[in-house]
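Take a look at this one chain, the form predicted on its own, written out in structure tokens.
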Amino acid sequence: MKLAKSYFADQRKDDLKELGQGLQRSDVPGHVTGKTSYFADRHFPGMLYLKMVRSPHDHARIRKIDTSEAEKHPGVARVITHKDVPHNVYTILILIQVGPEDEQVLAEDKVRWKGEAVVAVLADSQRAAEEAAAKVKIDYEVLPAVLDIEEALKPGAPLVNEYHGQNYYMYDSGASRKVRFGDVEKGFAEADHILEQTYFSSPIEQAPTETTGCIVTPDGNDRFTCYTNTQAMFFTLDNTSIILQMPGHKLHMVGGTVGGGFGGKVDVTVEPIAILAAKLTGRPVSFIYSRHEEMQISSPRAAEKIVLKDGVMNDGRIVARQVWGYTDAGAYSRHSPYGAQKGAAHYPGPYTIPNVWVDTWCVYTNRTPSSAMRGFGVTIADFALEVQMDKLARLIGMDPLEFRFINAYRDGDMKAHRQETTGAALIECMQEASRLADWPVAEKYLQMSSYKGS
């Protein structure tokens, strides 16, 4: 026991020596010499190439799927439709009890966005797969589409996703995720000024150098190895297990170096269908997005609409904030209900505001499903609220940095979602920033501290 304690004590001392030191990343030599191995660097005898047939429509009913000509094409080994998928309807976050399951692995009755996967074609070469995919005939009945958050929420708007029954996600708090703190109407009534502004963002593609993909090999005994560039290995494993109705110990996921992801490789989009293809054919399968697919099919950061209404006093104190936030999930949930919920908690920002009212909606439209991207649900919220802070400072004729000093939260302050602030260092960060940027602020702000009472 004493030996173990001594070992860990020495280890902690060694770890502390690294603080403040510039250390080289362990993967740098491989990257700069070209020796780093990626999933697509693997090649297996008899490998098949998967090409997906995708919807050309934003919203349409599928009347008939005819794969007969594709199946006759030279080099084609198998064509896969929704009938081959054991559990065809799923949602990624069902693993953390976010439902309902609302997305079809391969479209069965309808397509709900342009680019939705309908049929998978497997062939001996990429060219043969592409040629055969072009021969798949799908009879569509085009339906009205809704491509805008505001239009989706209007009465009588086309229903995007029948699994939800309305064009928004239903939280346990209702149609929106709610934050209620203090008395926002009283705060507005007492405010010297009120400013309401609306902010918009567009979808943003992560644009990784390496496109989304995986290579699967059948290992015998109904076991499969999947070499993948997923950023969410256990989400991928568990969702694939559900979709294919296979025990997890039959699925060996191999990750490693990812050639850029930024949140764009957390959706389970290629692995289940590639493993199913390997299972049905008994051959290795490669399913890798083209650059066009990566830009048009992979989940972007969501488009958002944010309405911020603030009440502020002449002395710079924000006394009320009301927020309406709208996240465009696209046709399916994926990670968007979680992103909208994060926004609800974040909209007050790192500021102590005594009266807060927040409603955030996760809205469904006939657009590419959105998902994660570096701080999703918070990044655009930060943009909106910090621009709003600058506008509020100008409104009352105050320096924008000094305005933030006045409202910055400190240790012990209660946040709007009723969690006490601890470990705050915003004031100290702003003080250092003012020095480095040569941005002069009054001495009283340089004497402030994040410790309560100072």
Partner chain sequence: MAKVPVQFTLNGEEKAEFVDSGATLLKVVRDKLGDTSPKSGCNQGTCGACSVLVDGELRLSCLTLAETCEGAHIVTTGGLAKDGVLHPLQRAFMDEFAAQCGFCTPGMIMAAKALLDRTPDPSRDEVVEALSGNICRCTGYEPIIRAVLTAARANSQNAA
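In this text, the rigid core denotes the largest set of C-alpha atoms whose superposition between the two forms falls within 1.5 Å. Here the structure is a predicted model, which means the values were calculated and not measured. Numbering follows the first chain given and starts at 1.
One more form of this protein should be noted, the form predicted in complex with the partner chain, which is absent from this view; the next part is about it.
Hey, with the partner chain in the model of the complex, do N88, I242 and L280 all fall inside the 4.5 Å heavy atom range?
So, no: the whole triplet misses the partner chain.
Residue-level question: is D41 within 4.5 Å of the partner chain in the model of the complex, judged on heavy atoms?
D41 belongs to the contact set for the partner chain.
So, in the model of the complex, is N314 in contact with the partner chain at a 4.5 angstroms heavy atom limit?
No, N314 is distant from the partner.
Verify the contact flag for T257: yes if a non-hydrogen atom of it lies within 4.5 Å of a non-hydrogen atom of the partner chain in the model of the complex, no if not.
Flag for T257 set to yes.
Taking the partner chain as it sits in the model of the complex, is M373 in contact with it (heavy atom to heavy atom, 4.5 Å or less)?
M373 belongs to the contact set for the partner chain.
Of L159, M170, A207, A191, the one that lies within 4.5 Å of the partner chain in the model of the complex (heavy atoms):
Selected residue: A207.
Given the stretches 75-83, 257-265, 271-279, 135-143, which is the single one in contact with the partner chain in the model of the complex, using a heavy atom cutoff of 4.5 Å?
After filtering at 4.5 Å, what remains is 257-265.
Taking 2 Å as the cut-off, check whether the CA of R25 shifts that much or more between the shown form and the other one after a rigid core fit.
Superposed on the core, R25 moves its C-alpha 2 Å or more between the shown form and the other one.
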